[in-house]
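Shown here is one chain on its own, the form predicted on its own, set out as structure tokens.
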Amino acid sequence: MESVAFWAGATLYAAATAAFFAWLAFRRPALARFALLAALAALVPHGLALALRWAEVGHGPFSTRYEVLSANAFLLVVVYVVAVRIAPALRGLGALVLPAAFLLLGLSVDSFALKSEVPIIFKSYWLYLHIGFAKLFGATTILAAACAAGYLAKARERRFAASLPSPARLDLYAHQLLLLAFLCLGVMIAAGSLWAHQSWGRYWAWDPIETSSLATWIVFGLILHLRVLHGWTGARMAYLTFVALALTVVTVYVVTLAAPTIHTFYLVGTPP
């Protein structure tokens, strides 16, 4: 049942991606409506697949690459749908967001059969906050980068960007989403520190992920500082948003695999 639900969700994400591409190419309103409906529909079987895995293994989606990446893709689409609900003009960004979600599912599927128990120290309220805000941080950063990409396309008058909001609005949305990502990262770090104190009696140990997360949070703050206090906007802020996305990918995925620590558990399913 879980496998059927997973592949049903993946198929609907693929259909939504194709429909978004077709909408940007042909500008048919019916294609836009179908694309958004397909993305919404995909959340149902995808969420069911995640719930079935949670019930089977007895813990949330934070162990093994399948659980982590699949849950990240789910939350990314949820954040996108909420953003479109708040600002309907962002609907066209689905052409960037849905392929990212589909890619995450593709990267997760080869570890679908891997299942593992989690140590008792992972069963903490602070851990759920820590992981939840980590996923929100990643999703909002991706959406901010999508707005930045849309800004560059719109500013250069690319034909496929005609359905997107004005460059000024995309620039503002990218900033607002980056600010939200900055706040989520801050909560993630704080909740992780409280969990560490509860589990090991210390708040900070300069773990590679802790250090990388702190460095990323500082860089996010500097980028926001350049906009708010120095008035940076436009293309240079769009490129800085891409820098923020790159740092996010390095922190969430690359450092974890390159420097085995307790955090390695959330991608490979076994502690170092």
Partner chain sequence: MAKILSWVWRLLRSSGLALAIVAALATYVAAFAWLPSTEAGVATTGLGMALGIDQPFVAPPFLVLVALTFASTLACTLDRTRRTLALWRGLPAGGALELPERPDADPRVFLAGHGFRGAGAVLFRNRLALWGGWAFHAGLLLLIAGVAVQRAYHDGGAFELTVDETARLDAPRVVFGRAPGPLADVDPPALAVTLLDFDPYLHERGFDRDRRSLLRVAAGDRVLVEGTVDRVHGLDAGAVTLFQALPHGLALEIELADTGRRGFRLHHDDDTHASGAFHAPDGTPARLSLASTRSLSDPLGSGGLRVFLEQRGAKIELQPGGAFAFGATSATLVSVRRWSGFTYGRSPAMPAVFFGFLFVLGGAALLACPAGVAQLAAPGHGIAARVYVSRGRDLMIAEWTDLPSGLRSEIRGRRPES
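Residue numbers count along the first chain shown, from 1. Computed from a predicted structure; not experimentally measured.
Missing here is the form predicted in complex with the partner chain; even so, the following discussion is about that form.
- Query: Though only this chain appears here, would Leu229 touch the partner chain in the model of the complex if you measure heavy atom gaps against 4.5 Å?
  - Reply: Contact check for Leu229: yes, within 4.5 Å of the partner chain in the model of the complex.
- Leu48 within 4.5 Å of the partner chain in the model of the complex, heavy atoms: No, Leu48 sits far enough from the partner chain in the model of the complex that none of its heavy atoms falls within 4.5 Å.
- Task: Decide whether His59 counts as a contact residue for the partner chain in the model of the complex under a heavy atom distance cut-off of 4.5 Å.
- Result: Within the cut-off, so yes.
- Message: My question is simply whether Leu24 lines the interface with the partner chain in the model of the complex - judged by any non-hydrogen atom within 4.5 Å.
- Response: No, Leu24 is distant from the partner.
- Message: Which is the contacting stretch out of 208 to 216, 237 to 245, 36 to 44, 65 to 73, given heavy atoms within 4.5 Å of the partner chain in the model of the complex?
- Response: That would be 208 to 216.
- Exactly one of Leu172, Leu152, Ala89, Val82 has a non-hydrogen atom within 4.5 Å of the partner chain in the model of the complex; which residue is it? Selected option: Leu172.
- Which residues in 167 to 191 have a heavy atom within 4.5 Å of the partner chain in the model of the complex? Stretch hits, in order: Ala168, Arg169, Leu172, His175, Gln176, Leu179, Leu180, Phe182, Leu183, Gly186, Val187, Ala190.
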